[in-house]
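The chain below stands alone and is given in structure tokens; this is the form predicted alone.
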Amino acid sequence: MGSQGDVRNGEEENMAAWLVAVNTLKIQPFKLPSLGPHDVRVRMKAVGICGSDVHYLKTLRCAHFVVEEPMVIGHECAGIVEEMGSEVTHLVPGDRVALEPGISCWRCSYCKQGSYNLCPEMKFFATPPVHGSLANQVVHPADLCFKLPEDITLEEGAMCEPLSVGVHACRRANVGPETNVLIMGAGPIGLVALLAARAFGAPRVVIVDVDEFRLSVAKDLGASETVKVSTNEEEVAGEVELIKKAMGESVDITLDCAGFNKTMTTALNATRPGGKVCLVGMGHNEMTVPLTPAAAREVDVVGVFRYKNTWPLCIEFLRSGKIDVKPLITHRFGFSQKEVEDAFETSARGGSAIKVMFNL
């Protein structure tokens, strides 16, 4: 698995994977910004493909974010520190780090209250117009680079980003040792939510999907039970009964990691009175769901947007062995034009691909 970088005038030219048009990625030079006093320059070693990356590739947009000019793709990443700014004291060259990809302003009311993930000025890797991290090197704030223990691989470090979504969802929903958790969707985010719910102590976790293969992966990762469902909304009532039977007890919390009309309708109907539904996935921008009956049963609905303050806990879960993300990494590619194209095709195809990872 090769890494692509041109050498000119004795110096390596930084190369990156640029999204230049619909279904078109090109490895081209990427000029790094100057290193600020609180920044580090990191050589990328592991970068994962997220569903949002594929969405941008296919449509040049994701939710209300639109790619209007060429953009470097990628945001799930880890690498090795090569250079530090003059004020950086906690990292040295050679340190292996996982990068949190969002840079907030730290001045607005959301940042001051600790909800920096909601910062309106957030600059997030590969969210237009901000460039991403599928490159030989990037410059990033040192306080968003988290040192990895020796026994955690760089691939696991890159997996801290998707795992953070599951961890943040569990925090938002107050998952713990006394909450039985239902998860809608066994895609990459549903599976990290499963791992996080188990790590937070949930005694029973039932996961639901339309795909038999993904359910078998979920079972191997520690799901108490799995339930195969259809895409037919008329079958919700019967499937809710199957879910309740599989849980064996009440569903205290549901994490909807798909975000479709049907999954949210199922979540609202399956969750016990006084329980909580956490909407994690964003499959549909608008939904028609039975909110009034759920409200009459005092089912709380909470939203999730990315994460906040999750990297230290993710790293500790990995270090302690409470979470093992390695089985989620199903495909690996190097960093050449052909491999970048093949990797994104593999991820977009789905099937047996869960997490596709670049090794640079």
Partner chain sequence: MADSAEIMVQKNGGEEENMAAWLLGVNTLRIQPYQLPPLGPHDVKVGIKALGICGSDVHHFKTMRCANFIVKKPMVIGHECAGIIEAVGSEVKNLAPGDRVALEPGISCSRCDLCKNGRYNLCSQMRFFGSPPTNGSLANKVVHPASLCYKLPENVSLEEGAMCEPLSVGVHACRRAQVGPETSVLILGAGPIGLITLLAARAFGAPRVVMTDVDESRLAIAKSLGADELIQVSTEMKDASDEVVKVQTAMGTGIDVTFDCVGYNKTMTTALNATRSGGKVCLIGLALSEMTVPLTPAAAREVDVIGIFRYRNTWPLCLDFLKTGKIDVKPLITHRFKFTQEGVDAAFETSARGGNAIKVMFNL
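Residue numbers count along the first chain shown, from 1. Predicted model, so just to flag it, every value in this text is computed and none were measured.
Omitted from view is the form predicted in complex with the partner chain, to which the following refers.
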Completion exercise
As a check of understanding, the residue in Glu316, Glu298, Asp324, Glu68 with any heavy atom within 4.5 Å of the partner chain in the predicted complex should be identified as Glu298
Practice task
Could you spot which one of Pro33, Gly303, Pro312, Pro29 gets a heavy atom to within 4.5 Å of the partner chain in the predicted complex?
Solution key: Gly303
Exercise for the section: Tell me the stretch among 81 to 89, 97 to 105, 276 to 284, 148 to 156 that has any heavy atom within 4.5 angstroms of the partner chain in the predicted complex. Expected result: 276 to 284
Practice task
Would you check whether the partner chain, in the predicted complex, lies within 4.5 angstroms of a non-hydrogen atom from each of His168, Val289 and Pro293?
Solution key: yes
Problem - is_contact(Lys219, the partner chain) in the predicted complex, heavy atom dist at most 4.5 Å - result: no
Handout entry: Lys244 within 4.5 Å of the partner chain in the predicted complex, heavy atoms
Key = no
Exercise for the section: Determine whether any heavy atom of Asn174 comes within 4.5 Å of a heavy atom of the partner chain in the predicted complex, and answer yes or no. Expected result: no
Problem - Any non-hydrogen atom of Leu118 within 4.5 angstroms of the partner chain in the predicted complex - result: yes
